[in-house]
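Shown next are two forms of a single protein chain, provided one at a time as structure tokens under the names structure 1 and structure 2.
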Structure 1
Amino acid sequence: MAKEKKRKAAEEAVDGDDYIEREDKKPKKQKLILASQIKNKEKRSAVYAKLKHEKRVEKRKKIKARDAASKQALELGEEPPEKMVPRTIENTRELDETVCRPDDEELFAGNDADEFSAVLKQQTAPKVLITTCRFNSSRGPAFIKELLSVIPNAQYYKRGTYELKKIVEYAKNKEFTSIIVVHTNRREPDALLLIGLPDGPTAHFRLSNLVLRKDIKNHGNPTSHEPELVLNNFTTRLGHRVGRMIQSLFPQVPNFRGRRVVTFHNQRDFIFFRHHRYVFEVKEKKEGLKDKKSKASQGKTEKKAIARLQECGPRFTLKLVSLQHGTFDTKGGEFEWVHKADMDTSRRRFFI
């Protein structure tokens, strides 16, 4: 009897071990392997290309479904679904109390009494003096030559050994409305000083990414017509003041026959400068079914006006460093705004 009990106990123990092993042999979930974790370069690139293709196909399907839904809603006389707005740094910027509003009476009252009102109201014609720093480079005069072709009524004077305060006095006596000083460092223009006359203000810009006309592919040559001016995205009080200062450099009545456009586009406190010529063209577009045999389309022809641009140069980027009351004064000058490193606390905080 004792031997039979031991044998049954051993059989039960073996059956229990088999049951435990069966439970352990359950199918395990496969871990997702990222393309960056694959060490083989060929396999990694193939997996990445496959994932990219799948994302592209999904995106096309979503676009087609959205277009079909909007088309169906228009046919039924319903409102189409709202368009998806991408989330960007610009539309998620931090709230700023100084953003200009169209019903701000104080802002419009200040415009009538500021330093640029005489030029912007066409009481006086803009007249700009352009000069350099004392230690000039070979690329500085080439940049100034192109600035003279961009800004009408601009004249270049050699700096020599004169101090900037004496140049300001001379420009006041000669009835100039603005002074532009091109600063160079290591044979490269790296800053612009813009002085409004006779009472200021003085703006100091950092200049970067300069591309001259000769380095632009398929560039055009500008004419002597007064250009049209586009100031984009100068939304705050400071941006409004900087925009009016830039606007005072150009005549307020452009010559549309020249088809010239000068653009100052502000994005994330960087002011991008572009200079273009434009032309309008009319292209015919045929709509309808095509016969495979005759290879001719049956349907109406629509005429569509298209605008083409040709860049004239130069191309550069400005970043405001400081804005000072009055004309240039390093010792006793009072600053309206100065950029400091402590102010860059967030990527979504802008001042212009």
Structure 2
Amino acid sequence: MAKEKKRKAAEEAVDGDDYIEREDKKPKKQKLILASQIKNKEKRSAVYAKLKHEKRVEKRKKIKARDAASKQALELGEEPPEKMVPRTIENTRELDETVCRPDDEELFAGNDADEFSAVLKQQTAPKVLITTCRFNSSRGPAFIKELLSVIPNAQYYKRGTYELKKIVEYAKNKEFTSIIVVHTNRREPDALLLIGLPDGPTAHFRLSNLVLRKDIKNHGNPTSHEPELVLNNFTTRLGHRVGRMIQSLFPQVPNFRGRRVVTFHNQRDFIFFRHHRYVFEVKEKKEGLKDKKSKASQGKTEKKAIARLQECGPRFTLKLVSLQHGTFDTKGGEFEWVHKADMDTSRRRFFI
């Protein structure tokens, strides 16, 4: 038995196989032991280090080859070979049939007939009522103060012990266009309830990662000019609806002199809220810095306009939990969209 083993080992050593294979008694094509399956720590780490080294060397070779090819192509005046696009989650997002298309007549008709069209067409000015849940503590009031400064024409009323439905009625009587309820849990604002009026939808968002203005370094102070809105990546029908709802909180005519921009950026179903003041500047950029060889192009300065942002105001993320048709009525209302646990099963599927 031992002689056979030795003979086999000698054969395989002659073949110049990988060190791993010596331990394998079966022919090499069928079974390849992973480095992680070796029980001996020293040997395992040695094998793994070798593997990594090989991989790194290969990668460097590839990169070099790519760079050389593109440089060659540039020199020859040809087109450089196509740059490889990295695979991202956004690239590989599951195909969603509810994505809004630009030529969708139904969408535009729906927009005209939906609850926000009155505000968005500037027939009514938005008027927002902010309130809290019954027990408000700690960061809640600070957050509300900042919200009041962000949203123009917003008013804060204490909650008392009124039922939410009563508050909705009250607000309708006073001609508000939307209600924001900030819900606190464990001394932190936790959820945001956005209710459109008079019979607008109710959106329930979960709030996270709240950073108040005083905690932001080099923050700016917002003025009272009407802000500009930027709503990014609201692609699906649901997203479009949510986007319009957010839009209806703000006045439709911004004051550009104020140079204030409020952004709601949707990425993978998380809506990031940012509030900036911006400034345009002309920046000189030297061209030809990349290409060190050609001296002719050096010294040419190209002027580019850039925008610089200074963050002011709070920073938080929202995630839609449910969208209900009609004003707040959890028991009897019709839910247009509810987040369920099995929507999270795929990493490439997003709804907004």
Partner chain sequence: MQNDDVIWDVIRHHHCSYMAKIQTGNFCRNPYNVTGICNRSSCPLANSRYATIRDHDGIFYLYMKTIERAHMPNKLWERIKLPKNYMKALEIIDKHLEYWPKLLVHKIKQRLTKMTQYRIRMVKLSKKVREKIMTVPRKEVKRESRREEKALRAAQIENVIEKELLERLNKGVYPDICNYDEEIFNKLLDKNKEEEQEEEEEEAEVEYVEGDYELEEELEDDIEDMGDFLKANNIDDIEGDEDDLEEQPTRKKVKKASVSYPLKQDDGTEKVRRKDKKVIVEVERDEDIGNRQHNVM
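Rigid core (definition): largest C-alpha set, two forms, superposition within 1.5 Å. Residues are numbered by position in structure 1's sequence, first residue being 1. The structure presented is a predicted model; accordingly, all values stated were derived computationally and were not measured.
One of the two isolated chains is the form predicted together with its partner chain, namely structure 2.
Under the rigid two-part model of the rearrangement between structures 1 and 2, Q252 and K172 move as members of one part. Here the chain moves as two rigid blocks between structures 1 and 2; the smaller block's rotation against the larger, from C-alpha superpositions, is 26°.
If you overlay the core, the Cα of R44 moves by 14.4 Å between structures 1 and 2.
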